[in-house]
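This document contains two forms of one protein chain, each encoded as structure tokens and listed individually as structure 1 and structure 2.
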Structure 1
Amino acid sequence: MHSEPALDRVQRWMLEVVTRPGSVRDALESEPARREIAADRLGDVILPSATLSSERRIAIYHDMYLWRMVEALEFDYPGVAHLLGHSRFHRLVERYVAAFPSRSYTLNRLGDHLPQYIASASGFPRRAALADLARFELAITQVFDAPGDELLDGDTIATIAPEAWPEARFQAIHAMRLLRLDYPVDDYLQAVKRNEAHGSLRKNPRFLLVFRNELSVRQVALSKREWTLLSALHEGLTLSDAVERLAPLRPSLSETELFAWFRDWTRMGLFAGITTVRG
């Protein structure tokens, strides 16, 4: 007569069976599951019902697990799902969640590693474009959920003495990401969301700003020069050091252009604060 496995052993076993890719039979016979409970003891652990065998009953949980992961990632990555098609996306999710299972109380961050996973995964077409699209969609969800900030206002900016500006550092809002992408994935995703025909995703470098303004996630295509300066400020460089980054780029930055950019960035609400040497 067998002794009852302890609750922790039953739970580790069930976790392996429910989450393992492939069929439930494969899962029951996998080494991690057998380490907890032998496959031929299934009937000692789970009762059959009047209509379903023990194996079919645990298969309900096994099948629903992958379905739930697909649904969650499809919600966060509609462009990737569209580009791959149902069958390939399903296969991607199965492999991804095996490599990066959820360790969080929320499904919202399940896809945090998907761009890096796609970048190194084999067996998926258009991998570079797919990885760019995933990076863009991850930025959207991150910006959507980021904490809100009090915005830097014009009155505060007006108090900064002219001689303090070169050493000024800007504190960007949390809900902002800057992306340098090789493919026009922003246009692609917009077409997918509108059920419109989309382009063929030919290589065409993009410098994107993704940010939240008045609770809505917005995206703006920037020039390389504007993106470079804003990225430098986002990294925490002083204004003078950030401007230095533009030195190799043409045309040279004019004061008028710099003021126009700052006016736009402030209007978009990209900054939460500014610090100067004088405080």
Structure 2
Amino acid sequence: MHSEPALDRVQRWMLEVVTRPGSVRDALESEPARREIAADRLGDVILPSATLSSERRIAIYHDMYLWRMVEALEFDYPGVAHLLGHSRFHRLVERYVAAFPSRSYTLNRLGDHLPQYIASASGFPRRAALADLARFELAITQVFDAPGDELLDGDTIATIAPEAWPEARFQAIHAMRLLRLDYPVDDYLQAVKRNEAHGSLRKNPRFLLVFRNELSVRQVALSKREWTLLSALHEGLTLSDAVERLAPLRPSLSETELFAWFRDWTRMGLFAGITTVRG
């Protein structure tokens, strides 16, 4: 007669069986599961019901775990789910969570690696556009969840002496991402959300700013020159070094244009602070 397994062993076994990819039989016979409870002792921890065997009862939880992963990722990646269709998206999630299983108490971070997984995965149509779409949707999620910041205001900017501007460094808000994409996935996602006919996903480079303004996530298409300068500032370069990055691009940046960009970016609330050599 077998003694009842300790609670901690049952908990480790249950976690392994429920979250293990593949069939429930594969999960029950996996080495980590057998290390806790042998497959032939399943009836000791899961009793059969009047209509279901012990294996079918645990299979309900095993199968529903994957469906929960599909549901969570479909919420964060509606565009990817739409582009692939239900069955292909389900297959993508099944393969993805096998490579990047959930390790957190929350599912909010489950999809953090999906863009890089799609970029290297095989067997999915329009992979390059799909990866761009996933990057865009991940940026939206990250910006929505990012902590808030006190914003740089005009009074602070006015205190900076003109000679200090070349060495000024801007602190970008946490809720901001800059994306360089090859496909118009922003237009595609908007069409999906509005249940409208979506446009072509033919190659058409995009320079996007994604940021949160109060409680709303916004996306703005930038010119290559705007994106280059803002990206350099986001990396922590001084203003003079950031402007230097624009040297190969035409037309040359004028002072009037530079001030107009900063006026717009400050109005959008993209900066949380500014430092100079003088502090």
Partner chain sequence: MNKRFDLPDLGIGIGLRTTHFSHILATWPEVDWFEALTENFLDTGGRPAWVLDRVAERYPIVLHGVSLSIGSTDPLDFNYLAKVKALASRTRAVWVSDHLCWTGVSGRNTHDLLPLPYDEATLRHVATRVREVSDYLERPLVLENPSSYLEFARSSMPEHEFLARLANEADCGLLLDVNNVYVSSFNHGFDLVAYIDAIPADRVVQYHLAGHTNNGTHIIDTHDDHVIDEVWNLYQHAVGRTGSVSTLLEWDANIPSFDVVHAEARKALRYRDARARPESEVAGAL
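Rigid core here is just the name for the largest C-alpha set that superposes within 1.5 Å across the two forms. Just so we're clear, the structure is a prediction, and the values are computed from it rather than from any experiment. Numbers given to residues start at 1 and step along the sequence of structure 1.
Annotation: structure 2 represents the form predicted alone, while structure 1 represents the other form. Superimposing on the larger rigid part's C-alpha atoms between structures 1 and 2 leaves the smaller part rotated by 14 degrees.
The shift recorded for the CA atom of residue 21 between structures 1 and 2 is 3.1 Å, with superposition on the rigid core.
Aligning the rigid core leaves the CA of residue 9 displaced by 4.3 Å between structures 1 and 2.
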